[in-house]
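One chain is shown next in structure tokens, namely the form predicted alone.
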């Protein structure tokens, strides 16, 4: 999704970072020592992102009428993409069974509870009864990803074989 305004950036950062925090927290206890170590380091940074974006969410949601309306629109607009955070695939299921991954559905309740707590402080309404977008894991994305990938790949495509 495009960056949009600051409300879009903050809502997206909060929704994703909150999810990542619970996944990384669980990965600290996985059966792969190196992955568990990486998760332990990453969870610290992710806590910061959750705190930072959460504080902005409250500041904007419980701020002026305009900031509240804009951040509520951002939450409403981005909400449909959150359902896929909690869906896994066959490969992930095998890794979960081996103790090397986290079942995405297992973090939904904790994520929802903390999201609702912060949304309450921000005087925001968490959407309900919304059609959730699906297909990202199967390679179906919004048109915006194509533009982003093209921009990110311009150097490699302009200078094939270059190293840096």
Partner chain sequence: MVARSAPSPADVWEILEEVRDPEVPVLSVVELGIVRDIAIEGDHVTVQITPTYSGCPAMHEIERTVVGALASRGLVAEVRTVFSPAWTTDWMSDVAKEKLRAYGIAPPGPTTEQPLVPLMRRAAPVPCPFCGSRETETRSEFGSTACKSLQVCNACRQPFEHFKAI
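Residue numbers count along the first chain shown, from 1. From a predicted model like this one, the values you see are computed outputs, not experimental measurements.
There is another form of this protein, the form predicted in complex with the partner chain, and it is not shown here; the text below is about that form.
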Exercise for the section: Check, residue by residue, if 21, 34 and 45 all come within 4.5 Å of the partner chain in the predicted bound form, counting heavy atoms only. Expected result: yes
Problem - Listed residue that, although the partner chain is not shown, lies within 4.5 Å of it in the predicted bound form (heavy atoms), from 38, 113, 105, 130 - result: 38
Handout entry: Listed residue (30, 126, 118, 95) with a non-hydrogen atom within 4.5 angstroms of the partner chain in the predicted bound form
Key = 118
Exercise for the section: May I ask you to state whether residue 68 is within 4.5 Å of the partner chain in the predicted bound form, using heavy atom distances? Expected result: no
Handout entry: Close approach of residue 50 to the partner chain in the predicted bound form, 4.5 Å, heavy atom
Key = yes
Exercise for the section: Answer with yes or no whether residue 62 is in contact with the partner chain in the predicted bound form, where contact means some heavy atom within 4.5 Å. Expected result: no
